[in-house]
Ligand code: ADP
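Shown here is one chain on its own, the form predicted on its own, set out as structure tokens.
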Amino acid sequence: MMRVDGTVASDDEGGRNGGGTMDYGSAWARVKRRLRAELGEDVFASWFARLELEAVSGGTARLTVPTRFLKSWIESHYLDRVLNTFKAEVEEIARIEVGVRGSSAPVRTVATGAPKASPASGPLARLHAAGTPAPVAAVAPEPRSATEAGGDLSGTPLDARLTFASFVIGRSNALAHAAAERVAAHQGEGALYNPLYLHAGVGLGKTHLLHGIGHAAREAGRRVIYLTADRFMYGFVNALKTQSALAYKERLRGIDLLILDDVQFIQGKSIQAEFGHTINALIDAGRQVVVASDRPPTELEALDERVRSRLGGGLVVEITALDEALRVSILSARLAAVRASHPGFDVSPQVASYVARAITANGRDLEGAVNRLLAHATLTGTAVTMETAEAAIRDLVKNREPKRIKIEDIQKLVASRYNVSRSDILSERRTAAVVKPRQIAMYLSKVLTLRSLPEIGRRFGGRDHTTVLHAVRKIEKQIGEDSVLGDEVELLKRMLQD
């Protein structure tokens, strides 16, 4: 079996290393980029962002997700799409299996030209090893009866490794860490910073802080539930099916602290409404709520405006990108943890410094780099040099995603550039001084983001997608005819991308 974290990338564009072995990790990265481009940012973020390649063996690609809910949805709606996209990158892939990380549940298989089957499968090993700033937590088993569905308050188990003691503090996360500790240690009436809302990109430590809050609060004797958005949706839907929704809601609201992760994945009007009711009931009763997402509350377009307002009414803290000093600290901690179990594994300070400088995206990529270096040292029996380190992490450096540009940032920059306000751009005003920057902002939103035309229209004051299309075509035409405007738009692009 070819392990994903054991392969070494090469300069070969075909995705094979010098020995002719396919680099499945790089191929999988290309598959995810194609899915993102074809399905759009919203669909990709909801269902594919946490889909990971575990291994490839005998033409079968084994993929994993963190929850049963996500596994079931992908199998029901997107399994053939994933297979065809993967097969376009790697012809030998004939089957796809999807499993739950940390679960021994059977995986479902889809094969080229064959009916879907569900062979039994052993546990799928987790791609990420212990010691990361924010690994994916284990998932609780599904309720097995109507009684359990109505009264299952265990939530998603907390990861024993993810405590405040193991969290590496730096400039980008110090405020979030301080707020998390204060909330976890609070005693007495009421709640602090309610809700506490943490937001950050992938792998920057927000999940680690949520688990740390849960551990500390439970040690203080408080009743705590930690739920991923998938788990919250599964529990509520299952309670509806078993006609125990009322008991489920009452028991959920009877806790001291609710921790909800990845709130951006909450789907469905009824579930969103229940989520809003639950948040309101807990906050009004003085119970603590802690929420995490990959974006601030104002950008949770799928949620009702009143829920967004309630989430933003507490303390909203962003965990920003890891600076080099923090990356060095995280990498050092990870290397120390690996050396404890592999005493012969050694990485020089020069190599560690190079890795910390080269990998800037997130802590999970730093962990992936350590896994690759460890694979090289253990499989070849040779020392880790600068040359081998460069080869081992090449795909992590090369496949970094570009800066994510937000429509709100485009609107603000264009408004500032043309001396109008952002509210003018979103308004119904039709004066030339407003229409031109509005159309330029729509054009930039189309070419610099993956948002659809209807979504862009909604973000510009609820306009129809045909209005956006008209603006895009008009600016494209004017750029071709007016070099001054073309230079202006190009400058705005560079300012947004820097």
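The structure presented is a predicted model; accordingly, all values stated were derived computationally and were not measured. Residues carry their position along the shown sequence, with the first being 1.
Form predicted together with the ligand: not shown, discussed below.
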Contacting member of 411, 194, 173, 156, with respect to the ligand in the predicted bound form [4.5 Å, heavy atom]: 173
With the ligand left out of view, which of 372, 71, 101, 334 would have a heavy atom within 4.5 Å of it in the predicted bound form? 334
Candidate stretches 273-281, 202-210, 415-423, 302-310 - the one whose heavy atoms come within 4.5 Å of the ligand in the predicted bound form: 202-210
Taking heavy atoms and a 4.5 Å cut-off, does residue 162 contact the ligand in the predicted bound form? yes
Contact of residue 167 with the ligand in the predicted bound form (heavy atom, 4.5 Å): yes
With the partner left out of view, is residue 230 within 4.5 angstroms of the ligand in the predicted bound form by any non-hydrogen atom? no
Using 4.5 Å between non-hydrogen atoms, is residue 295 touching the ligand in the predicted bound form? no
Only counting heavy atoms and a 4.5 Å limit, does any residue of 355-378 reach the ligand in the predicted bound form, and if so which ones? 363, 364, 367
